[in-house]
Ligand SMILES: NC(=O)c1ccc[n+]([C@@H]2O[C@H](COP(=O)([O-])OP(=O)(O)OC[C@H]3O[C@@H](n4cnc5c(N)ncnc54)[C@H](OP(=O)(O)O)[C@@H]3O)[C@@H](O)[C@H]2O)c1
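Read the single chain below, which is given as structure tokens and is the form predicted alone.
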């Protein structure tokens, strides 16, 4: 059974692994979603709930809202589940052609867009409130006061309980905090972090999470699958991750010593960090959904943790 942890600055006690819903539709192209895709997505959500995941991560852009719609179908057919789970979603990314054919790709933290996006997500998710609502990627035109006003309105109306950010730099976090609003005391920071992507560890982002009492949510904790069990990388992936072969070797060595698997060790590496990282796993394979919950039971030693870090770095520590 998945263990739990409390998200800082909130009263939310959630599973220590979150379930990422970006693959629920089986595709990013909403025109290609079939009835089989929809059924598969529903089964994946129900499997994750049965496996003990209670925090579910969404975004308005996941298959253009179809992923949220699939989740909303689950809640419509099983309304009692809402009291057992916590819903997170994100806004702020706008694709080319939205709303006009000439509109460019952009990020949008205008109050109008934040509020509109939230209300549309609520409808798709078939719920009255989103537990954690996050800004997806930093808008270079972000006005902290305008963001705070949007947050305060959504919170006052009971549409959002707590707020967070995603993919922000430390300076952007500090900028938002200058809104001098209690609502802008964000609860989570969703970041890409894995053995193969360590910038949050090396550039002060995890340090800032600890200082500001923000819980880190780790997207792509298995580096897009390359740290998954029995994964055979292509030559292109070896070029992208020059230390991958050695990282696999050390992962497999530690996994053998603990009678477990590569993916479990890779997730346990994140769970060991004192910032209280919550990895977001996104498999729709039922066996993997269950299997990954075993990461909670593996407590790596400091020696094992650093052996993995050194393998992934490929160079000695300073």
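Please read these numbers as outputs of a predicted model, since none were measured by experiment. Residue numbers count along the first chain shown, from 1.
Missing here is the form predicted together with the ligand; even so, the following discussion is about that form.
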To verify the annotation, which of these, 66, 271, 255, 280, has a non-hydrogen atom within 4.5 Å of the ligand in the predicted complex? 280
So the ligand isn't shown here. In the predicted complex, which residue out of 187, 117, 167, 208 has a non-hydrogen atom within 4.5 Å of it? 167
Touches the ligand in the predicted complex: residue 144 (any heavy atom, 4.5 Å): no
Is there a heavy atom of residue 229 lying 4.5 Å or less from a heavy atom of the ligand in the predicted complex? yes
The ligand contact in the predicted complex: residue 251, any heavy atom under 4.5 Å: no
Closest heavy atom of residue 22 to the ligand in the predicted complex, within 4.5 Å or not? yes
Since the chain is shown here on its own, which stretch among 99 to 107, 234 to 242, 221 to 229, 200 to 208 would lie within 4.5 Å of the ligand in the predicted complex, judged by heavy atoms? 221 to 229
At 4.5 Å, heavy atom to heavy atom, what parts of 36 to 62 sit next to the ligand in the predicted complex? List them in sequence order, or say none. 57, 62
